[in-house]
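Next up: a single chain in structure tokens, the form predicted alone.
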């Protein structure tokens, strides 16, 4: 089963746990080379939606997907899909930085090293390239062999992004990537997102409305397990169509971190 290689789409998707619907009636085609922010209250299904795009829920007992989920021209829940190949196309950034107990250098080349062991001579150049792309090189270039755990929380998050970028994904999924960071680190991540979307499609789950106003091109608002409202960010914030959307925006309008 194939579609356009640029396609990233849900078609009439229902996601259940042990038969209980979490998300229903999902139909949406994500914009390429743009930032789509997924908004919604806690428990609305934001993280579940993200994880379904990279099949990270597969081993959860009772998890089931019905409908079609297309990523880079492939229906990813179709029998015979190579999940490991899929995850090379998709990078996932979590709320808490996922750092391995090794050096900064080994962290950033981890995925590339696994997929391309024969390209060992390139490892130093790969590390430098993607640490620069994550705006981290100048801060760590003299401590590449030091433990990554010694970095600040914001540096760890940028390191996890550099490691994801090193396998050259087409899509980046971000689950509340700045929620645990200070304002300075959050600003650094936002600037990074602006630069990354020139080459990649970014889908980010967040509760931070002020941040969403700054970075989003498109919005998905989840409510009661469905896509309640969607559209361009400017239209969504200036002219919300539904009462639940307006209540949500008013409730979170004071958030600025």
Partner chain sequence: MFPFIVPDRRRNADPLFWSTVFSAGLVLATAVIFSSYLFWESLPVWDQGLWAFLTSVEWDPGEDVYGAGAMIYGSLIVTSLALLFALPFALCGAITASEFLSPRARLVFKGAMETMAGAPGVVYGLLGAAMLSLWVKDFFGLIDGSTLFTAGILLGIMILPTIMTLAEDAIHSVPGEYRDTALSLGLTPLQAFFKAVAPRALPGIIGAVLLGLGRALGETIAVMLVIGGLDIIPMGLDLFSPGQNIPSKLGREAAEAIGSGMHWNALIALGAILFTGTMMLTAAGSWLLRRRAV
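Just so it is clear, the model here is predicted, and its values are computed rather than measured. Residue numbers count along the first chain shown, from 1.
Quick note: we don't show the form predicted together with the partner chain, though the next part is all about it.
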Subject >> The unique member of 148, 90, 174, 134 whose heavy atoms fall within 4.5 Å of the partner chain in the predicted bound form >> reply: 90
**OP:** Establish, in the predicted bound form, whether 56, 110 and 115 all lie within 4.5 Å of the partner chain, using non-hydrogen atoms for the distance.
**Re:** yes
Original post:
Any chance residue 179 has a heavy atom within 4.5 Å of the partner chain in the predicted bound form?
Top reply: no
Original post:
Looking in the predicted bound form, any heavy atom of residue 163 within 4.5 Å of the partner chain?
Top reply: yes
Subject >> in the predicted bound form, residue 94 touching the partner chain (heavy atom, 4.5 Å) >> reply: yes
Subject >> Partner contact for residue 81 in the predicted bound form: the partner chain, 4.5 angstroms, heavy atom >> reply: no
Original post:
Of the listed stretches (182-190, 136-144, 94-102, 72-80), which one has a non-hydrogen atom within 4.5 Å of the partner chain in the predicted bound form?
Top reply: 94-102
